[in-house]
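One chain is shown next in structure tokens, namely the form predicted alone.
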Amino acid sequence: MKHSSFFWFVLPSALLMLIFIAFPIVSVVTQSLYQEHEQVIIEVENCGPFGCTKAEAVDLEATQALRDAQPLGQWAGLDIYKDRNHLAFAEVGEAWASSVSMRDFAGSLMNLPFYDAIAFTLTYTAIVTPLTIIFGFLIAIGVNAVARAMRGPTIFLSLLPMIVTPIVGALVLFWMVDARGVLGTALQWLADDPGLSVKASTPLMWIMLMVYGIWSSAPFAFIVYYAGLQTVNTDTLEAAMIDGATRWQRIRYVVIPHLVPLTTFIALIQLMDNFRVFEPIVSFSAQAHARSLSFAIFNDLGGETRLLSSAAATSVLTIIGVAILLSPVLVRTWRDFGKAR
């Protein structure tokens, strides 16, 4: 292909990447280096029939003029990243010096907002991602083995969690685990504890959020694997059967190696999605027990006081976290691509 033809071919994609990926990231990084202006406080005197009193008040005009003059705020550098709501270097050093054991140190870290959020986010990602891939693969193998006449209804039922709107699915499960719900009552009976409540227990709430994450994401892995199973070489499978290979041996030595590229694709998508976990926390009203990085950003942007700089700093740390998580998979894919060439 000529250089000019290649240039005009990639130009639309490059422009879209600049507009929708590069510019927003640069904007967020820039905003994270500035902090909001403090309100201009003035002293006012209020006089009445019983005399005059002095009080402090916000000078709205002066505050607005300051914000109009410097819309980004005042320069803060990396101070926002180092404050208590983010990396909290000072608090971490103090906790390390005063802790008598690693457990004590870990407990102190969990009292810091950012480390509490990153602990749940990483735990959620580390558990939900592999289990989603495993369950998606097992469902695909099972559906592929069903008689052709039954595959249509079976595929529909398998995709049902993905068809239902995420927030509706989460609310349905939320009411099921209520003390008066089916699952809540069953758990109380199994534990022989009438007072057991999933909504009041942090470990049980974490487990419930992860169960929901696997339930809602497994259909995506299933449909990708199911499509991949239709491309497995039937001659190779028949040759393995003639050689006496069992069903498990055919899956292990023929099917799984064939599906490795799809597994890489699913892992990349799921790692990104799970690291940005947000909807289950809101749907389950679980913010008292579980906070993710995405929820921390949402929390900073909500309410009357919008902490744009804090939200931007957390966004940058989330992007760095996603890049670190994806790097092993991307490096392996790059090496495989190099070998293939």
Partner chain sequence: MKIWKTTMLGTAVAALAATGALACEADGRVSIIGNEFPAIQTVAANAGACAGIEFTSNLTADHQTLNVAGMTGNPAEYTTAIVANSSIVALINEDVIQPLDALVAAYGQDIPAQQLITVDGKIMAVAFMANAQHLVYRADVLEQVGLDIPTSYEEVLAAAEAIRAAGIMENPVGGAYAAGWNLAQEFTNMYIGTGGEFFTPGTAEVSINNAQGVEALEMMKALTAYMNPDYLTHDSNATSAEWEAGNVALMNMWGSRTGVLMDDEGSAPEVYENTMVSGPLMVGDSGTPATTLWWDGWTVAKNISDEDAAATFQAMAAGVSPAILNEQTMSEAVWLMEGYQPEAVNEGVLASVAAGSTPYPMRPFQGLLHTALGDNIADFLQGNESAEQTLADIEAAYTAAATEKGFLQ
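Values in this document were obtained by computation on a predicted structure and should not be read as measured data. Residue numbers count along the first chain shown, from 1.
Heads up, the form predicted together with its partner chain isn't pictured, but that's what we're talking about next.
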- [ ] Determine which one of 153-161, 128-136, 243-251, 78-86 lies within 4.5 Å of its partner chain in the model of the complex, judging by heavy atom distances; exactly one does.
- [x] 78-86
Open item on the list: Which residue, Leu171, Ala119, Ala179, Ile269, is the contact with its partner chain in the model of the complex, using a 4.5 Å heavy atom cutoff?
Closed with: Ala179
TODO: Could you tell me if all three of Val58, Arg291 and Leu307 have a heavy atom no more than 4.5 Å from its partner chain in the model of the complex?
DONE: yes
- [ ] Evaluate Glu38 for contact with its partner chain in the model of the complex, applying a 4.5 angstroms cut-off between non-hydrogen atoms, and reply yes or no.
- [x] yes
- [ ] Although its partner chain is absent from this view, report whether Cys47 comes within 4.5 Å of it in the model of the complex, heavy atoms only.
- [x] yes
TODO: Although its partner chain is absent from this view, report whether Phe284 comes within 4.5 Å of it in the model of the complex, heavy atoms only.
DONE: yes
Open item on the list: At 4.5 Å between heavy atoms, is Asn111 in contact with its partner chain in the model of the complex?
Closed with: yes
